[in-house]
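The chain below stands alone and is given as structure tokens, in the form predicted alone.
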Amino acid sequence: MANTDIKIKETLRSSELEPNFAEEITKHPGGEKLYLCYQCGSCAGGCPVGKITNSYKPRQIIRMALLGIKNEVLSSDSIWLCASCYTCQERCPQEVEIADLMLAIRNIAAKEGHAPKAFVEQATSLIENGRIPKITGLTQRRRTSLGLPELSPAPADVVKKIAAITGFEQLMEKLKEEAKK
């Protein structure tokens, strides 16, 4: 991930802000409680990802979303670092569903053509193969040596059909095109 730090310019101009960005987030599943956040920092203080990298700051992401700093939020890879462990949600005194909120923001980002290359590659593998990792001969031999059954082929046709029906396949095509730019 290249752009994990969200940088705020020293001077923000109102013309550069998207005043409806927070409202847009609240209309997505998981984003409904965005306005309840009063920036106490409980989410950031308990975040295990935040403990291992300074690149993920949920409080900062939420504040920027509330301010309407849309492009910086959606184009940053830091929104993809949330591990969805729900520690933040357990600690939030306002019951803001922060992990779900990050998912809502990531969904908006993906729809607008922003997603890390690794995510696009994994999603493409899922659509094409029915699972993310390919099952190699080595994997099958190791499973046999451990007394485990061989893995059956993944139902790639079923996954591909679901991806097509839900629009996920088209979204991945869009993201692949964006990655080429």
Partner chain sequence: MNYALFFGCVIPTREPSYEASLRAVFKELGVDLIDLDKATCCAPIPIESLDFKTSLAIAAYNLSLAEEANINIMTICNGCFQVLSKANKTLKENETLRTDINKILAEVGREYKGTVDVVDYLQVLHNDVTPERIKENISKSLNKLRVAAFYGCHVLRPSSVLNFDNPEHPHILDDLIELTEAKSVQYMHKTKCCGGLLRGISDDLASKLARNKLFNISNSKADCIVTVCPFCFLQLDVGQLDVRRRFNETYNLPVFHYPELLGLAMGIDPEKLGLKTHRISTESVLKKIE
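Under this definition, the rigid core comprises the largest set of C-alpha atoms superposing within 1.5 Å between the forms. Just so we're clear, the structure is a prediction, and the values are computed from it rather than from any experiment. Numbering follows the first chain given and starts at 1.
Beyond what is shown, the protein has a form predicted together with the partner chain; the following relates to that form.
The shortest heavy atom separation between residue 25 and the partner chain in the predicted complex exceeds 4.5 Å.
The closest non-hydrogen atom of residue 130 lies within 4.5 Å of the partner chain in the predicted complex. Looking at residue 107, you'd find a heavy atom of it within 4.5 angstroms of the partner chain in the predicted complex.
Using a 4.5 angstroms limit between non-hydrogen atoms, residue 155 touches the partner chain in the predicted complex.
Contacts between stretch 74 to 95 and the partner chain, counted in the predicted complex as any heavy atom lying within 4.5 Å, involve 80, 81, 82, 83, 84, 85, 86, 87, 89, 90, 91, listed in sequence order. Taking the rigid core as fixed, one finds a CA shift for residue 138 smaller than 2 Å between this form and the one not shown. Superposition of the core reveals a Cα shift of 2 Å or more for residue 84 between this form and the one not shown. After superposing the rigid core, the C-alpha of residue 26 moves by less than 2 Å between this form and the one not shown.
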